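Next up: a single chain in structure tokens, the form predicted on its own.
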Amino acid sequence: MGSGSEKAGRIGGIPVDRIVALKAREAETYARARPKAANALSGGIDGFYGGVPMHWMNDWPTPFPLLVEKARGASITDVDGNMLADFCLGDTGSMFGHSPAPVARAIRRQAGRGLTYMLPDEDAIAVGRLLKKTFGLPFWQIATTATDANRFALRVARAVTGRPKILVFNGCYHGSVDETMVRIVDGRPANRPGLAGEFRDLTAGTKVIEFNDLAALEAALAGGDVACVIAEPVLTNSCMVLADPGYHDGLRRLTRAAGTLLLIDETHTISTGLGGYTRRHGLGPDLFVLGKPVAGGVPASVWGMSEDVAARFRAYEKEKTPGYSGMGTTLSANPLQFAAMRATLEEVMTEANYAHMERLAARLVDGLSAAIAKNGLPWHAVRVGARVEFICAPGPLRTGGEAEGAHAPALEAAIHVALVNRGVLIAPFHNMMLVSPATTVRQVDRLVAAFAAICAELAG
């Protein structure tokens, strides 16, 4: 589509000079309101490379990061006393709110009973049953991040199929899994631009096609060399792309016909509802991965497999050479994870909480869409459950290539800082907003009003 790119001195339909002026003014306002954070962070934090503990903390478009004093429910308070309605929620890690009460209680209880000992406990027994009940698949393993869970699941897929390749969708997000760091560049598969220190041609083990293209999928699977298709149900990490009607039915039908396993990564689309997009839409995957919010903010992830995959993997394990499988990390499946996961699955990840989240997310996307329409902007807003994005280009988008073309970093950055100055925090990377069980109508209306005011100013 390309609407996010600069055309005739405009980005997303807005004159560039107007965007630059807004960003400069809002940056000054931001800095004035945060003298303590400026003193601590504007020169970087001593001892950390790049001045931050993790490099992506420098990706926030603010002049310097927020310095958080505390977070509770759906609010963050910084060291300068500014309180923000938090719609970023740790980029899904705190999708159910900051420190949900049941999770906080479980952490306190477990802290006195040991944090790691490489053995199961009673919470582990409960979590196994809860995973089966909530997500449908019969067999599960625990990891610490969704990246790890995806890596391990892909090893299983290659092992049981005897095939070397996986298939990904252009623009996908699966953490930092090597095989998924492939994009379509100038019409050809290529390593994702920007990879640091990568010495391999990742396209040797990966095929990449556009999302929503069943003909391309059928052609890519025809060679019989693809072990697994790894898929987000919705492309989520760069201008959200929803599946066409019937697409997931076609994806499942074609993978089964080709003898290829289907891995559904719900790390972001768990916003859809209890059991994720998979349960709501009956996707029937062979492998399933969920990270980020599954333990209420404690680092944890899960990966599950079907009865058939488990049986094939048992047979493979009997025949393989003894030795380390390359799957598993020492701190995974620790009792703190189990305590937090049990509390999340039993008391936080509930139908009632999802109903609240979906109701307010619908209010949010309707408000954003109304502001866009009122100001005659060539933008759109989109939602999957409790997850909402505004996109500074016409829609709907259908492929990762279109999503990349719709991305408007300079415009989005200006809007982001302006929202922060109006008491609202959204994700810094792709205009993502999440509604949690703790989010209130007042917070949603505050975000809508702030967005509408910014749209009016940009539209002139």
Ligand SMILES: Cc1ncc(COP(=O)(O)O)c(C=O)c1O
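In this text, all values refer to a predicted model and were calculated from it rather than measured experimentally. Position 1 is the first residue in the sequence shown; the rest follow in order.
Another form, the form predicted in complex with this ligand, is not on view; read the next lines as being about it.
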Subject >> Contact assignment for this ligand in the predicted bound form, among 273, 175, 367, 102, heavy atom within 4.5 Å >> reply: 175
**OP:** Counting non-hydrogen atoms within 4.5 angstroms of this ligand in the predicted bound form, say which of 147, 77, 353, 375 makes the cut.
**Re:** 147
Original post:
Heavy atoms within 4.5 Å of this ligand in the predicted bound form: which stretch among 230-238, 375-383, 115-123, 212-220?
Top reply: 230-238
Original post:
So in the predicted bound form, does residue 292 come within 4.5 Å of this ligand, heavy atom to heavy atom?
Top reply: yes
Subject >> this ligand contact in the predicted bound form: residue 86, any heavy atom under 4.5 Å >> reply: no
Original post:
Using 4.5 Å between non-hydrogen atoms, is residue 260 touching this ligand in the predicted bound form?
Top reply: no
Original post:
Is there any non-hydrogen atom of residue 265 lying within 4.5 Å of this ligand in the predicted bound form?
Top reply: yes
